[in-house]
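Take a look at this single chain in structure tokens; it is the form predicted alone.
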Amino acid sequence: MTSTAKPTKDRIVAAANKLFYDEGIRGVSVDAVAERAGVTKRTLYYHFKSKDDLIAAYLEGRDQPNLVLFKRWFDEAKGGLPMKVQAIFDNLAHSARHPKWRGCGFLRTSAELANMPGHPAMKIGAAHKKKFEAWLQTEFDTAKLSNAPLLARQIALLLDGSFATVLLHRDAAYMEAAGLAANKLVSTAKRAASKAPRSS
């Protein structure tokens, strides 16, 4: 199916995704999105009441694909749990070396909307980050690691911190360093779990 054969709403979201990710939400007008989607501004506003609704749709469209990608990297990684967690960082580091990489769309959007905590896109971004954290916690619970919620939060902090640092320095090695730290945290938790007395 060609882009012109896509439903109009899908074309608008695809255009917004490309422009907002590349240039930021503040730097892109509704007119620019409509032009890229090949529709009139009136048509865009038929599908989206406001630019805010379009920004929310942009992040909603990134939610599941990103989570699925993280899970795939995790599942396909060789080695035990520490290596599987590290693989998320290593794969992101590979992506970050692409010249078109612009960091995490959720974090960049939240930075642009920092003075609007009630914006629907802020809620979508927060929910996305919580889903990632909850998924990690489930993996750690399955592995019977102690304090899985805290460990999942620590890994999430390493991930988001590395997103910000790599975007600042344009050096993907920071992402790899964060991956090594995540590996060590999970390895330590695994060793602690193996030494813990088992309940009868």
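This is a predicted model, so every value here is computed, not measured. Numbers follow the displayed sequence, beginning with 1.
Not pictured, yet referred to below: the form predicted in complex with a further copy of the same chain.
From the list 34 to 42, 48 to 56, 158 to 166, 64 to 72, the contact stretch for a further copy of the same chain in the predicted bound form under a 4.5 Å heavy atom rule is 158 to 166. Within this chain, A178 lines the site of a further copy of the same chain in the predicted bound form, having a heavy atom no more than 4.5 Å away. Using a 4.5 Å cutoff between non-hydrogen atoms, L150 counts as a contact of a further copy of the same chain in the predicted bound form. a further copy of the same chain in the predicted bound form is approached by E112, whose closest heavy atom lies within 4.5 angstroms of it. Put simply, A173 is close to a further copy of the same chain in the predicted bound form: some heavy atom of it is within 4.5 Å. Using a 4.5 Å cut-off to a further copy of the same chain in the predicted bound form, each of R102, M122 and G125 places a heavy atom inside that distance. Contacts with a further copy of the same chain in the predicted bound form, taken as any heavy atom within 4.5 Å, map within 22 to 53 to D22, E23, R26, G27.
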